[in-house]
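Just the one chain here, the form predicted on its own, laid out as structure tokens.
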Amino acid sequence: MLDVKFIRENTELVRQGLLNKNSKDAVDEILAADDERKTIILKNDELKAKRNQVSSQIPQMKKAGQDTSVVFAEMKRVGDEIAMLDGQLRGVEEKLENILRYTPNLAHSSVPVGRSAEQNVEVRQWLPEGFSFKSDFKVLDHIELGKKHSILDFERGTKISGSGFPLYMGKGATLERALINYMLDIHLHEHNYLEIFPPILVNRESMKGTGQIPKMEDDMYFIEKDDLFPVPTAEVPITNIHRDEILAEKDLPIRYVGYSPCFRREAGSYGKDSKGFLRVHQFNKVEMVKFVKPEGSYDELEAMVKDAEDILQALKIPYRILMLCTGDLSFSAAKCYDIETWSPAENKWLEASSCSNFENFQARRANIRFRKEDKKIEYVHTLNGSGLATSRLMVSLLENYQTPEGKIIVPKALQKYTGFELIG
């Protein structure tokens, strides 16, 4: 969450930052609540000082034989007023925290200002040698390919769970598993991440820590009986590994990578293209998470994007990198790059990864700090990135690797994981 001291010292910067993120200007509301909090604390401190002063006089009064009943009555009145103010303070602090939890992070100064995805900026493209956006044969989409080879069954997935829950069959299931294992191995052995296999149910504090709730709670699945959430991304459990901890400066940066299934209700996606893998409620993702010192966080963001790119280049999947504008940034992100892969059948780019720097926004919510060599304690910067999400990547893989006969060539990098070179 944002720091109230920073908001107070940079009110116009924060106002503009919230406007740039298409968010409500909550600055006045935040400062008013903080002023009320300070007033109560000041009054309470004065009363406690008065109580302490009077308390120190009682022994002398008793020793001198003086009547202390009036003093004790005054002490009770002061004590009651302190208790009342304590209650008021808890209410105001809860109000302030609630406002801050609904207030998004501010965009970094390098992020282009824009209202929506149309203002995102393409940074670069990478195309395999010999690639063409036009095919000389009729391209089947991933749904047709899945049916043709009995590797994807969206109809039975719908029967089992509902729409948006895909079912992988046979070589499709093997290919999905191979893709996950391949990505994990690259991140472990070439990019020097530490593997994490996290829980896929998390508590409310974990979801608050990374910023999914309360703002986006409607988009999350929820198990009411146990007050637990199926993870929307492995970012949530992995980031919360260090919630309420103070890390050692010498241990930073910490780089974790982990696989998890992900669950999202996609509550705001009505009317969007939802066929096949284009919009699902359950999908698989390999997630990269970093805890770093503030001064190096943007270098770490660029390195994280490169780590995701290495996967796509090895698979020879065409992709492009977008820098998101302020209005398209997520609630918690200060800067984000989307990596989109090409779908020949859809004739468009599909998001397969997002890599974000949250600066200290998540760390403040989750209370993740580090102790510097000079003993000072600061909040870490947290980053995460998909390395990568498999659903839309699978669309691009199947469609780009199909032959004129409708068979699917398995990318060379995956063949030792699948045990086969061709589907069909």
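Remember, it's a predicted structure, so these values are computed and weren't measured experimentally. The term rigid core refers to the maximal set of C-alpha atoms that superpose within 1.5 Å between the two forms. Numbers follow the displayed sequence, beginning with 1.
As for the form predicted in complex with the RNA, it is not shown, yet the points below apply to it.
Only one listed stretch (384 to 392, 22 to 30, 50 to 58, 355 to 363) carries heavy atoms within 4.5 Å of the RNA in the model of the complex, and that stretch is 50 to 58. Think of it this way: in the model of the complex, the RNA has a heavy atom of just one of Leu188, Met84, Met75, Val121 within 4.5 Å, and the residue is Met75.
When contacts are judged by a 4.5 Å heavy atom cut-off, Lys293 does not count as touching the RNA in the model of the complex. The RNA is not drawn, but in the model of the complex it has a heavy atom within 4.5 Å of Leu42. Taking non-hydrogen atoms only, Ala64 never approaches the RNA to within 4.5 angstroms in the model of the complex. Shown alone here, Arg90 lies within 4.5 Å of the RNA in the model of the complex, counting heavy atoms only. Contacts between stretch 367 to 384 and the RNA, counted in the model of the complex as any heavy atom lying within 4.5 Å, involve Arg369, Arg371, Ile377, listed in sequence order.
Core-superposed comparison between the shown form and the other one: CA of Ala49 displaced by 2 Å or more. Superposition of the core reveals a Cα shift of 2 Å or more for Met75 between the shown form and the other one.
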